[in-house]
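Just one chain follows, in the form predicted alone, and it is written as structure tokens.
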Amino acid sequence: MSQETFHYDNGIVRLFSRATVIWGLTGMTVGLLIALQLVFPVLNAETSWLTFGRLRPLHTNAVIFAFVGNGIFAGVYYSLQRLLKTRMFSDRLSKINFWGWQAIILSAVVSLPMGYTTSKEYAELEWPIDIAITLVWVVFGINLIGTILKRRERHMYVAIWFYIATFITVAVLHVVNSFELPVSFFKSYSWYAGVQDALVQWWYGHNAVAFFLTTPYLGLMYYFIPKASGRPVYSYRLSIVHFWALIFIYIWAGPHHLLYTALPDWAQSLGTVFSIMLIAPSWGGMLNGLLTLRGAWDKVREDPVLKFMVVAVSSYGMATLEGPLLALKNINAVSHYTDWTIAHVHVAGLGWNGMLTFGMLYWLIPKMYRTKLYSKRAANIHFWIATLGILFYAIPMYWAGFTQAMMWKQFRPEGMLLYPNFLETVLQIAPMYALRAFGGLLFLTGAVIMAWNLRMTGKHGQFLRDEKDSAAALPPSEPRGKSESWHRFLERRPVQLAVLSFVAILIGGAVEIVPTMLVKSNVPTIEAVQPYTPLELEGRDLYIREGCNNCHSQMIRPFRDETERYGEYSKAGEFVYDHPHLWGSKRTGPDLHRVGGRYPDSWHYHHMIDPRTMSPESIMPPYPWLVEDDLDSGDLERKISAMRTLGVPYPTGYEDLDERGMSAARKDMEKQALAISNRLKSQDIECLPHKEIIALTAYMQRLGTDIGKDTHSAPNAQKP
């Protein structure tokens, strides 16, 4: 059969590789800054867009979607062309994919520090950006599928199975989780409320880790480890089991983030069961990667690329064993809301994603520039610095997590909490936070060394934009032969493989989410729970804007230590009007679900201006602009209307304007604001009713008060 000549597009790979390095350095720098803010609160600088609450989602988005996201595209665009023996389907779509993705990242860089956020973890970007993400992802999918369909290789290699599953599942996750009702160009409310919103969020959040940070990187592992080592994949059969078991089981595991919360027990149990089952396929993939290097260990000792990849795959194995263990209820009761989770996440993020990305770039750049790596010694230095960075990051965070859990749960012999003041725990783990920051500095330093090394490699080489190759055209499709296995047949049927992947990931999500949405008994209502007043709704939006949920939970679990410290445990019916939920995933500060009525208005006023006036050693940032800035309530009527559309029972016509241009909602807001202002005045504080602090105080004083004052007056209450 005659050979056809074609050219691979290295230009798009270089663009994504450069973006990976640039955004990696950016995301890690922001991460280092917020780590230092927990050690030196003065670094918050009393500037609204530089506080921990606003920068933390910027860090996570920059690392996940900018650094890792660009790394995915770089690796996929490079490997896909060579695995299929064809150029990408469309150079134009490749460029749209690149520039569209960078525009999305830039919009996050601008919008998140400005406080435009949905508050939903790993999905904080507001609705116009969500639409842009959808469009760019579809462009990537068209380019991916189009390239597969015009391939010159009959069978699709295992890496491509993972690329297909990634495209399909991320699209489903993003669309379902992003159902939101716009109020304005910069504001929306989640379509789901309370328990339902929490379930959908963590179905998305866990599987964003699974299908954005894991499955595409497994595809890259299956391509780059054999290429870098010169060894074939250890087991083709294990690859098949690994792929199908992983994508089917992973999608069920999200509820393990919500153990002991108000989520129905049956959903929690499903999350636990499937999380434990995940150990088998996850370790199957890890072993397949490591055993591919059998007989090549001498090369591993010499080649920095393989060193990075060995640590990456080992980190993947550690994280995917620890994750299911953390889904066991007895372990989760200790780990959840502590820095143990932070350690776990960063073993995976720094070790698995970071180290594999570094190894991939060290292999890619010399290939595309037709030269050797500029400094092998510098790459080895980078490897050891990065590895030490992971250790200095993770070990102190594990220690901090264990310390937090033990201190929170200890009681005196007479039955009172041994450490009733939450701040005592914070002070105890302060040295661990300092060591964590040092580990982050090491990891960032290694990345800077890599950026210099890759830059010098490019300068001493010559970039090959269009790489020539040849292959025979794909012959006409044939029916399945008698000796051909079903999966071997499926490997030359990309559409069927994509459909089966879609069905595999859809089952788990549907089984968990649909009953929670449709069966009312799963979320029992409480008659005493009423919608937020207009002023409280505005205050809740300020709470979201400032990222308070990044440090404070609003979910008291049914443990003795939590009910003693915070008050009555949280009920599902208390959250039916919460769009979105604000349960949180980490307690850097205390839980706030029962904070309403615990302190006078003046306490909240002083606490927001300067937390250290109320708690001298607090690490919370100050928020003086809340006292200085007027509340922007121009969208109040639209917010009330949106909430009614979402099922919140505000009175009919509540937002309608009268002949004077005033709505009943606005009148109620002004009346409540004046009452709070007057109470502050009686406490010797002059604060005008239209200031932001008034609205935030209204919201804080409402929290946990709907089901009776006796349920939020804990005997061992502590100051935040």
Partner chain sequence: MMRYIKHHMATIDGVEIWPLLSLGIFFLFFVLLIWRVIRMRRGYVEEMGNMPLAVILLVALGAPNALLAQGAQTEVVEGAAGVAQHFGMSDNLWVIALLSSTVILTWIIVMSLRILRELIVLKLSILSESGGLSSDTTPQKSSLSVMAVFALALSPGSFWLLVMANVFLVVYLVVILRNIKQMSRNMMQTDMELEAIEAAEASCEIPEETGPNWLERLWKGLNAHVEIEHEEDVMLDHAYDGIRELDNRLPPWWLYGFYVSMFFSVAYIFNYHFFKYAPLQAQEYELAMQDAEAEVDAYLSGLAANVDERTVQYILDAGRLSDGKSIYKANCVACHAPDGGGGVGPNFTDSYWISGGHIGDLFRTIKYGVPAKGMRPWKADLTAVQIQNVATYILSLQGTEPAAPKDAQGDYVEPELPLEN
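Residue numbers count along the first chain shown, from 1. Bear in mind that the values here come from a model prediction, so they are computed numbers and not experimental data.
Another form exists, predicted in complex with the partner chain; not displayed. Remarks below refer to it.
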inquiry  = Given the stretches 221-229, 98-106, 634-642, 390-398, which is the single one in contact with the partner chain in the predicted bound form, using a heavy atom cutoff of 4.5 Å?
reply    = 221-229
ask   = Of the residues 494, 115, 182, 420, which one places a heavy atom within 4.5 Å of the partner chain in the predicted bound form?
value = 420
ask   = Which residue among 586, 87, 174, 329 has a heavy atom within 4.5 angstroms of the partner chain in the predicted bound form?
value = 329
task = Assess the spot marked by 268, 559 and 600: is the partner chain within 4.5 Å of a heavy atom from every one of these residues in the predicted bound form?
result = yes
request  = With heavy atoms only and a cut-off of 4.5 Å, decide whether residue 596 touches the partner chain in the predicted bound form.
outcome  = no
request  = Answer for residue 284 alone: is it within 4.5 Å of the partner chain in the predicted bound form, judged on heavy atom distances?
outcome  = yes
message = Against the partner chain in the predicted bound form, would residue 276 count as a contact residue? Criterion: heavy atoms within 4.5 Å.
response = yes
query = So in the predicted bound form, does any heavy atom of residue 477 sit within 4.5 Å of the partner chain?
reply = no
ask   = Out of 72-110, which residues reach within 4.5 Å of the partner chain in the predicted bound form, heavy atoms considered?
value = 82, 83, 85
